[in-house]
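Take a look at this single chain, the form predicted on its own, given in structure tokens.
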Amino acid sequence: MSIIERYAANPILTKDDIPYPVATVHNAAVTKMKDEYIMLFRSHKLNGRSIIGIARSDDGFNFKPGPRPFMEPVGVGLFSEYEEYGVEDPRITYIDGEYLITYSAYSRHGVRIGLARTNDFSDIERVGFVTEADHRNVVIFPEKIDGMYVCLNRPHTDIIPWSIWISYSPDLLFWGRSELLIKPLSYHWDEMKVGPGAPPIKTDKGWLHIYHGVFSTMDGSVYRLGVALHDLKNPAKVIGVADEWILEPEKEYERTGYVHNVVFSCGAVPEPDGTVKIYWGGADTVMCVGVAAIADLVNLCLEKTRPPK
């Protein structure tokens, strides 16, 4: 039995649910605003470039999409040059009374991370770019630590395997003090690359971090989900990385689609009952959700560990 219980009615959102033309619905950030679940999902337009849509839910399972995209590449100014090819894979962090959105911006110059903010998911303000090229998968912790904002990120590099790093910022725009934390492990389910998934969740044992790992096969790459635990006061200290994955492509909607054999998470919502709703894109085509006990994920990091690097 999987540590994550898939929702019986998966997938919860597909292209057929969207009231404007898209080819996919996947890789969504999800958060709660008061009692409402907000989902920001990535879609490919019919020209192949990505935009970000919005959907809302009262229960975290049944989502109603908005009538128009939430974010599209802008046409003027600095952002237009670096969002030219699309905006992708958002993450949402609630901190300091506002919702921060990090997203991948693609252009002829590569991929870099944009930062936006909102208070109500009606109006959105682009703040700036927080990385140079090539970076993806920036997730911001929901609390400052020692007065600093903290994020996990994944630079693209052919020098070392794609790995998870940590960085700090006094103002959300200028990031530094970077350290490499978690590397792919040879001959392991995540041996090709790893990257941050959902923003970390605070537990009494540490910051619980859901990440993705990739394994290369003769039939293409397989994307799975794993978990790691970071120290509460010093998140650069990795307490444990689970040796086993927590989710892999098994269902038809995860194994066949725009990109085969993919489960990829950008969002997870902890609940008062000690569970967490984990959201993932299936085969880069549909959105799915499952539920896990937070304690089970933490224990997996503590009891069945592999070296972080």
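Bear in mind that the values here come from a model prediction, so they are computed numbers and not experimental data. The numbering used is simple: start at 1 and walk along the sequence shown.
There is also a form predicted together with a small molecule; it is not shown, and the following applies to it.
Chemist: Using a 4.5 Å heavy atom cut-off, which residue among Val262, Leu247, Ile38, Ala242 comes into contact with the small molecule in the model of the complex?
Modeler: Only one listed residue qualifies here, and that residue is Val262.
Chemist: Heavy atom within 4.5 Å of the small molecule in the model of the complex: which of Arg126, Lys205, His188, Lys193?
Modeler: Among Arg126, Lys205, His188, Lys193, a heavy atom within 4.5 Å of the small molecule in the model of the complex occurs only for Lys193.
Chemist: Glu5, Arg224 and Lys277 - do all three of these have some heavy atom no more than 4.5 Å from the small molecule in the model of the complex?
Modeler: Checking in the model of the complex: none of Glu5, Arg224 and Lys277 is within 4.5 Å of the small molecule.
Chemist: In the model of the complex, which of the stretches 28-36, 249-257, 262-270, 52-60 has residues with heavy atoms within 4.5 Å of the small molecule?
Modeler: Of the stretches listed, the one contacting the partner is 262-270.
Chemist: Using 4.5 Å between non-hydrogen atoms, is Arg136 touching the small molecule in the model of the complex?
Modeler: Yes, Arg136 sits close enough to the small molecule in the model of the complex that at least one of its heavy atoms falls within 4.5 Å.
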